[in-house]
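Only one chain is shown below, in structure tokens, and it's the form predicted alone.
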Amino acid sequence: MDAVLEPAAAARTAWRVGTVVEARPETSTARRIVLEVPDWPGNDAGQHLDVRLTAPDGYQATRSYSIASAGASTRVELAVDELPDGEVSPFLVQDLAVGDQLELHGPLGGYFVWMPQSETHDERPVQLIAGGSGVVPLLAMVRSHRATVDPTAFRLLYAVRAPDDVFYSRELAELTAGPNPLRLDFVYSRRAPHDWPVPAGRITREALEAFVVPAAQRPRVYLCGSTGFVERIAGWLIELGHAPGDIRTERFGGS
């Protein structure tokens, strides 16, 4: 039996029209897109939305994307990585222009979200783990953490192919400074920076153990990436003693 949404919840998850106000390259294969959505109700850090494209012949394609922004603003930010055989991402990365409009459905999701300590009364540290573009919802959490001046200790492990593939590289570097800074660790699978202490290669169980908050501290873990990455990392975390209930996962496929 399908769940029946309460009126307020239904209003929050309605289809809306957003106008592109910024569209610029994020990496060689990804684009940052900012939309103005006048009736956007705001969203929590970690939520996602659906984007629907309609072709001239009426064919429609819908895909889900994580939201990089959070809070009460009517500006909604996405960072989309192109998949060459995708139906939606090639258009968003290659063809979408400032002034274009997109149909958006959201905000969606209530499980993979981070809330400030003042609301959760949970003082445990937070461990974020991203694979590639899986950093997008985690960035929303880091931004919200900084904006709310939350005292929770935050650490991010970012597994990415090469330095040029890092999303929001400048902003992430800035977030490692200042009060209650983000602790940021990288694992590069194909090419590491010159003199990087860790050789390039896929993340290992040993590297994961070295770069995450120890299980003894019972961190809240948010893990986002491709299905294979998420399943592998989640399994290792459990082997390292992290409780399954402390690990929240979000995974992505074709788009």
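All values reported here derive from a predicted model rather than from experimental measurement. Heads up: residue numbers just count along the shown sequence, starting at 1.
Omitted from view is the form predicted in complex with a small molecule, to which the following refers.
- Heavy atoms within 4.5 Å of the small molecule in the predicted bound form belong, among the stretches 58-66, 195-203, 34-42, 209-217, to residues of 58-66.
- Among heavy atoms of R248, none comes within 4.5 Å of the small molecule in the predicted bound form.
- At the 4.5 Å threshold, heavy atoms of P90 reach the small molecule in the predicted bound form.
- Contact check for A79: a heavy atom falls within 4.5 Å of the small molecule in the predicted bound form.
- Not displayed here, the small molecule is kept clear of L138 by more than 4.5 Å at the level of heavy atoms in the predicted bound form.
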